[in-house]
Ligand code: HEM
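One chain follows as structure tokens, the form predicted on its own.
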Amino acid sequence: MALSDLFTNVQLLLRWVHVFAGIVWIGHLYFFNFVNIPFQGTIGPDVKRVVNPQIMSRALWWFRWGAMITFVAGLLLFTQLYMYDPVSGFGPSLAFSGEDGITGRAVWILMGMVFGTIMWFNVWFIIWPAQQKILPAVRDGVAPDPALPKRAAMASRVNTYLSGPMLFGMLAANHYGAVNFLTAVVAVALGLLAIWWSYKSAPQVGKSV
């Protein structure tokens, strides 16, 4: 029998939207960093002029709106679970704090939110503004300001590294719960190591896989 209370059904819907949009966002982030950036170094300006405005405009649309929807749905979900109680109304719930202070679950989710918020900011206020200037320049055959691609690439690389520990924070909140300084450090280190390994092990363009 399906659950009938509105609180639980809204929570499921928000979780679905948050995860779906997150897959779109992080999937494009990994495409840009593990596939597209190495590929761009192998093609000339004539090819870039034709290909990039087409594929990058589409990819960046999904990328930035995936980030926005993930961010907004995540804030709504956090509010519902950690800052609202169906009985007492708005305010820190038992999932956020209790007699012993802030819960381990809340520590994990806040860690994930801090990393996720930095990533969202980088998308909307660094990467996308830079790409709005880069893509028209490439389309017109004009060299963009060299600082713009470097700025966008750096923010994108930072986001890629942050995505590893961010996912630990998001998942551990519901599936691990307990936390101390050591477990948090290990989670961050493992997340960063996974991304570093992904960069190092990704096949180079033109080489067999």
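We number the residues from 1 along the sequence you see. As the structure is a computational prediction, the values presented were derived from the model and not from experiment.
Although it is not shown, the form predicted together with the named molecule is what the next lines describe.
Among residues of the shown chain, I26 is one whose heavy atoms approach the named molecule to within 4.5 Å in the predicted complex. Not displayed here, the named molecule is kept clear of V123 by more than 4.5 Å at the level of heavy atoms in the predicted complex. Shown alone here, A155 lies farther than 4.5 Å from the named molecule in the predicted complex, counting heavy atoms only. Interface membership of V47, defined by any non-hydrogen atom within 4.5 Å of the named molecule in the predicted complex, is ruled out. Put simply, of L148, V179, L60, M170 only one has a heavy atom within 4.5 Å of the named molecule in the predicted complex, and it is M170. In summary, the region of this chain contacting the named molecule in the predicted complex, judged by heavy atoms within 4.5 Å and restricted to 96-104, 83-91, 67-75, 135-143, corresponds to 67-75. Along 4-21, residues R15, H18, V19 each place a heavy atom within 4.5 Å of the named molecule in the predicted complex.
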